[in-house]
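Let's start with one chain on its own, the form predicted on its own, as C-alpha cells.
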Amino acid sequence: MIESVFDILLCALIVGVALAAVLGPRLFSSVVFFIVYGLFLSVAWTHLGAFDVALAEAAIGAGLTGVLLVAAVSRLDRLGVKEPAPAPPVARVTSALAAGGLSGALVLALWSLDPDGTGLAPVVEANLHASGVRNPVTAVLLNFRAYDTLIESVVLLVALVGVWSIADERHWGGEPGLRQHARPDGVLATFGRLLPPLGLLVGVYIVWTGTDDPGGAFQGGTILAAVWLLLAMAGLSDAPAITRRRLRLAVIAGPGVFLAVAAAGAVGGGFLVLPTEYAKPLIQEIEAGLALSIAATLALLVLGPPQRGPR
C-alpha cells in the first residue's frame, strides 16, 4: 500500500514538473524545472532497480545538461538577447496534440507487451560469461552492441568541434570560456579546494567498478568533468588553449582506443569482436579512454567556444 502511494506521488511529481518545465513563463525557471525533472527521473529509475540508468540520468540528464542550459541562458542574457514572445495559441495546441498523440502511442505500445515477457534479459544473462564482465549493462554497451557506444563517443567529439567552430576568428586557438574569479575566502573557493579530491576518487571508482557493478565511463567521466569545472569556477584552474596537444589527445583518446580495439577484432574475427579471454581487460581499456575523453569533452562543451586569444 505504502509503495503504491509512493509510486503515485512520484509519477504525479514527474508529470507536474515536466509540465512546469514546458509551460514555464521564463527560460530560467523552465531550466530549473528541467533539472528537477531529471532528478525525479533518477529517483524513479532507482526505485525500479535500474541503477546504471539512474546514475546516467542524474549525472548527464539533470547535471550536465542542466549546466549547459543554465550557461546558454546566461550567455543570452550577456548578449542582450530578449526572451522570445510566447508561441501563438495555434502552435501551442498543435504541440500539445502532437505530444499527446506520442504519449498515447507509447502507452499502447507498452500495453501490447506481454506482461510475463522478459525481453532480452535471458539472452544477455546466458551469454554474460562470454562478455568478460559481470555487469549486464556494460556487457551490452561495450561488447554485444558496442557499435552504439562507439557512435555516441564520436557524436560527442563532433559536438565539441561544432561548438569550437562558432568561435570568433580573433579568438580561434585560444582558451575556452571566460576567466573565472572567486573570493579566496569564499564558499566557492573553499569547495574548489575540498571537493575535487573526493570527486576524483569517486569518478575513478565509478569507472573502475562499471565492469562488475553499476557505473561506467559515461557516469564517471561526467563526475570528472564536474571536478574540472568546479576548479575553473573557483578560479583555481584555467582551461588550456584548444590548440594544446595534450588536450586534443585527451578528447580523442576514447574514440581512438575504441577504434583500435575494433580494428584488432576485425583482424582476429570480426569488427568489435572481443575474444572472451581478453574481453575484460579490453573493456577496461576502452572504459578508461572513454572516461578521459568524456570528462574533457563535456567540460569543454560547458566552457563553450574560445573567448580569449592564445597567450
Partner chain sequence: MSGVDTGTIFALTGAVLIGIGVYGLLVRGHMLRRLIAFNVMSSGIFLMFGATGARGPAAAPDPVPQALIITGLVVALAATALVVALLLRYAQITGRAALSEDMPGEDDPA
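Positions refer to the first chain, counted from 1. As the structure is a prediction and not an experimental result, all values here were calculated from the model. Whichever C-alpha set is largest while still superposing within 1.5 Å between the two forms counts as the rigid core.
This next part talks about the form predicted in complex with the partner chain, which is not shown.
The listed set 242, 257, 279, 56 contains one residue whose heavy atoms approach the partner chain in the predicted bound form to within 4.5 Å, identified as 56. Just one listed stretch, out of 234 to 242, 192 to 200, 205 to 213, 101 to 109, contacts the partner chain in the predicted bound form at the 4.5 Å heavy atom level, and that stretch is 101 to 109. At a distance threshold of 4.5 angstroms between non-hydrogen atoms, residue 288 is out of contact with the partner chain in the predicted bound form.
Taking the partner from the other structure, the partner chain in the predicted bound form has a heavy atom within 4.5 Å of a heavy atom of residue 75. Though the partner is left out of this view, residue 186 does not reach within 4.5 Å of the partner chain in the predicted bound form, counting heavy atoms only. The partner chain is not shown here, and in the predicted bound form it never comes within 4.5 Å of any heavy atom of residue 261. Annotated contacts: 11, 44 and 68 all touch the partner chain in the predicted bound form [non-hydrogen atom within 4.5 angstroms]. Although the partner chain is not shown here, in the predicted bound form the stretch 30 to 46 places heavy atoms of 30, 31, 34, 37, 41, 44, 45 within 4.5 Å of it, in sequence order.
Put the two forms on the same core and the Cα of residue 212 is off by less than 2 Å between the shown form and the other one. Taking the rigid core as fixed, one finds a CA shift for residue 238 smaller than 2 Å between the shown form and the other one.
With a cut-off of 2 Å and the rigid core superposed, residue 85 has a Cα displacement that reaches or exceeds the cut-off between the shown form and the other one.
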